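Below sits a lone chain in C-alpha cells, taken as the form predicted on its own.
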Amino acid sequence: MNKSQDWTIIGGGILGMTLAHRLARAGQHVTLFEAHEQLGGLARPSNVGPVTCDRYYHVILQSDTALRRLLHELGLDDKIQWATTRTGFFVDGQLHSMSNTLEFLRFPPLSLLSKLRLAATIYRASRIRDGRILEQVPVSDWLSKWSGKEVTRRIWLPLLRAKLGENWRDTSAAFIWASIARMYAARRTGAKKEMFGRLPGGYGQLLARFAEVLTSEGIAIHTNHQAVSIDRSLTAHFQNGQSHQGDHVVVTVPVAPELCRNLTADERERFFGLKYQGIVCVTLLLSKPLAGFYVTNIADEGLPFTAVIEMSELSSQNLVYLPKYLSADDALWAQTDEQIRQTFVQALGGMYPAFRPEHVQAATVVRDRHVMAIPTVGYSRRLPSVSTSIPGLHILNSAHILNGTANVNETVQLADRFVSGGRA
C-alpha cells in the first residue's frame, strides 16, 4: 500500500461514496465532489406527494454480499426488511402470475415444449459462472438456440426491446445471462421463492448514514460542485470557479471524456464508443394496490413503459414505478413531465381494468440519460482502461461493470476491486 496521498473523487453516487470510504480506511486523504445538492446519484431520494422514496426502484437480494457487507459496516444490515414477493407477466393483453413452478407450468401463452425450453434457458444461464464466454455471441442467437423461435419471439424479444430499444440488436448474450443470474439468486431459498429486501424509507436511510460515516472518517464532502474539466496537473475545475488538486483523481461520472480533454485519441474513441441507455420513470402514489406483484414483466408491444413495479409488498405505501428505458435519440426525451405522466397513467388503465386515474394521489417524473452502458458484442475488448494515460487520473464508472446489470451490489463490488487492486 502506498503512503497516504490526496485523492479527488468526482461524483458522489454510491460508487463515489464507496470509493471514498474504502480509500479513507486504507489511510488515504479523500475529497469528494458531487454536482447535485444531495449525495447518492441514481440512488438519491425523491418526493411523491407527502412520501419520500427512492428515485428509482431498488431491492436487496440475500446474495448481494458486497452491498450487505457495506450495510453491516454502516450499522444497517439488521435494518433490512425481507419479504416474499410475486412476479407477474403481461402478455397478449392478459396479466398472469409466474411466481412458482405450478404457475409456470400453467402459463397459457406458451406450449409445454416452449415452457420446457424456457426453463432450460434459465437453468443453463444459472449454471454459467463467467459471462465473458457469452460476450462474442449476439443475444438473439443464444436465445434462439436455447429457447427456440416461439419463446424468443413471444417472450424474450419484447423484453429486450423494452429494456434496450433497438440496441438489443448489438447486445451480447452476456446481458441476458447477467439478468437471469441475478433474478435466479433471489430464488435460492428452500421454497424457491423470491426474497427481496428493502431498508425502511428506501436508500435515503443508507445515504444519510453513509454521509455521517464519511464525515467521521475525515472525508471532505462538497456538494453543488459541477466539474467542468480536469487538466494534466490533476486539478479539477468546477462550474462555480473553484478548483482542487490532488495526487490522484477518480472520475465516476459517465461524461468523463468531456471533462478529461487530454486523453489520447484511442482513449477518447473508446469512451465515446460506449452506448448508454437512459431512463424516464413515473412514480405514482396510489390509494389502493394494483395486483400485488413486485414486478410485472411486459411482453406486449405498444405500452409506453418497460414494467410495472409495485412496492406494496415491501412498503406500507402503494408506490408504483413505471420505468421506460431509452436510447439517446428517443423522442420521449423531448416530452414534458406532464405529457409523460398522462400517457403512462392512461396506459396503466389498459392493463388493470379496476384502475382509475382518480386512484393516483400523487405522481412524479424523473429522468437520467446515462444509466447503463449497453453490453455490446465484444464489449470487454473495447472497454477503456480504468487507469488512463495521464498518471494519477482514473476513470471508473458503471461502464466498467462487466457482464452485469449495473445494480447497487455490482457498484459496490466495482469500488472494492479498485481499492483492493493496489491503487491505494
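Predicted, not measured: the structure shown is a model, and the values here were computed from it. Start at 1 with the first residue shown and count on from there.
There is another form of this protein, the form predicted in complex with a small molecule, and it is not shown here; the text below is about that form.
Exercise for the section: Scan V151, A227, V320, L206 and let me know which has any heavy atom within 4.5 Å of the small molecule in the predicted complex. Expected result: Looking at the other structure, the residue within range turns out to be A227.
Handout entry: 4.5 Å heavy atom contact, G40 to the small molecule in the predicted complex
Key = Although the small molecule is absent here, G40 would touch it in the predicted complex, with heavy atoms inside 4.5 Å.
Problem - Contact of G13 with the small molecule in the predicted complex (heavy atom, 4.5 Å) - result: Output for G13 is yes: heavy atoms within 4.5 Å of the small molecule.
Handout entry: Heavy atom of Y325 within 4.5 Å of the small molecule in the predicted complex
Key = Yes - in the predicted complex, heavy atoms of Y325 and the small molecule come within 4.5 Å of each other.
Exercise for the section: Would you please decide whether A35 lies within 4.5 angstroms of the small molecule in the predicted complex, comparing each non-hydrogen atom pair? Expected result: So A35 counts as contacting the small molecule.
Handout entry: One stretch from 381-389, 355-363, 56-64, 22-30 that, in the predicted complex, holds residues within 4.5 Å of the small molecule by heavy atom
Key = It is 56-64 that comes within 4.5 Å of the partner.
Exercise for the section: For the three residues V253, I279 and V371, verify that every one has a non-hydrogen atom within 4.5 Å of the small molecule in the predicted complex; reply yes or no. Expected result: Yes, the whole trio is in contact, each within 4.5 Å by some heavy atom.
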